[in-house]
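Okay, so here's just one chain, in structure tokens, the form predicted on its own.
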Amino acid sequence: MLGLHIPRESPLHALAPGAKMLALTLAAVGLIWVADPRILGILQAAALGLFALARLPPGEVAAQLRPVLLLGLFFFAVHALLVGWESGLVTVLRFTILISLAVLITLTTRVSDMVEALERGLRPLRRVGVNPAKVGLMISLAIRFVPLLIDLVREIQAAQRSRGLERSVTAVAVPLIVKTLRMASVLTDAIEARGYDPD
């Protein structure tokens, strides 16, 4: 769901990374106060319209949003069963709007630019012990690891399918955790070997 940057000549690409991230934060806060499904539907349509404004390839946008839709349907089914379909609809629309905007930002902004903007925004928090460089590194690694983990899951699923274990969650989860921890250990060694000093 977190796509890589796609270069285009568009107003959204030209917008400062800090402004886009601030807008996403304000949208997350603002959505809490909107409980009318009709307004949320309009906002969802507007969010999708921004992809066209950014001149992003429709096929790539659809590929990025497909998991969002599947998760949204899952959340709706759970809410509909436990609370009610109206509450489920509101929750799902809030979720899909926010994730759509996050996907839009990742597709129109380089990760390095986002991290740099985030570090600048967090500098005032140094006084309370927050290290902006460490937070930036953590977020950049998280964004970079998402597609790697998706590829890893696909590889493990293919291997387990050949063994007839495609329906076993444990058969996928255990090697995924082990491989992820190994990958994290190798990455940590590489960072330390380069003498990384966030201070």
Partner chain sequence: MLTTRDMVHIALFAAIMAALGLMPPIPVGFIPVPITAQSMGVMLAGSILGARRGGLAILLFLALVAVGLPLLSGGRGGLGVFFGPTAGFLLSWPVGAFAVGWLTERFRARLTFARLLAACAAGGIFVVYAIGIVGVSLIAGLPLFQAAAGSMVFIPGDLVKAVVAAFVAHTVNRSYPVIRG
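Positions refer to the first chain, counted from 1. What you see is a predicted model, and the numbers here were worked out from it, not measured in a lab. Heads up, when I say rigid core I mean the largest set of C-alphas that superpose within 1.5 Å between the two forms.
Keep in mind that the form predicted in complex with the partner chain is missing from the display, and what follows is about it.
*Asks:* Does at least one non-hydrogen atom of residue 170 fall within 4.5 angstroms of the partner chain in the predicted complex?
*Replies:* The answer is yes: residue 170 has a heavy atom within 4.5 Å of the partner chain.
*Asks:* For residue 23, is any heavy atom within 4.5 Å of the partner chain in the predicted complex, or not?
*Replies:* Residue 23: no, not in contact with the partner chain in the predicted complex.
*Asks:* Would residue 150 count as touching the partner chain in the predicted complex under a 4.5 Å heavy atom rule?
*Replies:* Flag for residue 150 set to yes.
*Asks:* Please determine whether residue 9 contacts the partner chain in the predicted complex, using a 4.5 Å cut-off between heavy atoms.
*Replies:* Flag for residue 9 set to no.
*Asks:* Since exactly one of 142, 35, 158, 46 fits, which has a heavy atom within 4.5 Å of the partner chain in the predicted complex?
*Replies:* The residue in contact is 142.
*Asks:* Using the arrangement in the predicted complex, list in sequence order the residues of 113-148 with any heavy atom within 4.5 angstroms of the partner chain.
*Replies:* Those in contact are 114, 115, 118, 134, 137, 138, 139, 141, 142, 143, 145, 146.
*Asks:* Could you tell me whether the Cα atom of residue 175 shifts by at least 2 Å between this form and the one not shown after core superposition?
*Replies:* Moves: yes, 2 Å or greater.
*Asks:* Could you tell me whether the Cα atom of residue 55 shifts by at least 2 Å between this form and the one not shown after core superposition?
*Replies:* No, shifts by less than 2 Å.
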